[in-house]
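Shown below, as structure tokens, is a lone chain in the form predicted on its own; questions about how it binds or moves come after it.
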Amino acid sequence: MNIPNLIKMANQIGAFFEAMPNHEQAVKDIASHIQRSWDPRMRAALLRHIGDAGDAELSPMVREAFVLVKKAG
């Protein structure tokens, strides 16, 4: 998997949902979108990267969303 591309895609999803007035719902919607739309291998690769290298490259909302993605398995 191309990690820089996955990071870019995740941040683009986050940018779309940042306009929502309800922060908590936006984070849930980001996580839901990633769970529904991304291939499980993509999610696993980015979660592995976050575990190995951290999440500094992700926007704050996407970081929060990936906490939910990780919990959902």
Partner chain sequence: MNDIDYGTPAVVADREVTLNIDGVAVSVPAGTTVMRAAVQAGVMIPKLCATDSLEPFGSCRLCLVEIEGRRGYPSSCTTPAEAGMKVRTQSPKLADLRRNVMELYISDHPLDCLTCAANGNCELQTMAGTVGLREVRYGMAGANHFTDVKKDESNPYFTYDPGKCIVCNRCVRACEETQGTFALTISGRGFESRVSAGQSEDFMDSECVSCGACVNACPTATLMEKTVIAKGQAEHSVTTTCAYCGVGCGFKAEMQGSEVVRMVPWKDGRANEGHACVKGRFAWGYATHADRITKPMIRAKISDPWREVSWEEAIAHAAGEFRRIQDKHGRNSIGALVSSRCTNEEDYLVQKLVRAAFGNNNVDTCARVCHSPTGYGLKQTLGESAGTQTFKSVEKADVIMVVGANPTDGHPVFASRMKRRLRAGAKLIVLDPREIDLVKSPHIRADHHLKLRPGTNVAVLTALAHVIVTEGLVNERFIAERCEAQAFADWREFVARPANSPEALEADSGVPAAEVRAAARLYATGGNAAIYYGLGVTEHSQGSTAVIAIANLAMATGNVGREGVGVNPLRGQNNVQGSCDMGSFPHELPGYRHVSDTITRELFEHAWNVSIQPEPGLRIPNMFEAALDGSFRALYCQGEDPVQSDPNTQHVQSALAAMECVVVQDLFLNETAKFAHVFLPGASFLEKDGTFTNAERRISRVRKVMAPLSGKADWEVTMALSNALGYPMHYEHPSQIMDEIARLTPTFAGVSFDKIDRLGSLQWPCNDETPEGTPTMHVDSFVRGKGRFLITQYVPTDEKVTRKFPLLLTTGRVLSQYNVGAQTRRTENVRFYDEDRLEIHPHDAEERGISNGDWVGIQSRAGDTVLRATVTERVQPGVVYTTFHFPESGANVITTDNSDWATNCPEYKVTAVELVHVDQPSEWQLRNAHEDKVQRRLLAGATAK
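Bear in mind that the values here come from a model prediction, so they are computed numbers and not experimental data. Positions refer to the first chain, counted from 1.
Another form exists, predicted in complex with the partner chain; not displayed. Remarks below refer to it.
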{"query": "Ala19, heavy atom within 4.5 angstroms of the partner chain in the predicted bound form", "finding": "yes"}
{"query": "Distance check, Ile50 to the partner chain in the predicted bound form, heavy atom within 4.5 Å", "finding": "no"}
{"query": "Contact flag, Lys71 vs the partner chain in the predicted bound form, heavy atom cut 4.5 Å", "finding": "no"}
{"query": "Contact flag, Val67 vs the partner chain in the predicted bound form, heavy atom cut 4.5 Å", "finding": "no"}
{"query": "In the predicted bound form: members of 29 to 59 within 4.5 Å of the partner chain, any heavy atom", "finding": "His33, Gln35, Arg36, Ser37, Trp38, Asp39, Pro40, Arg41, Met42, Arg43"}
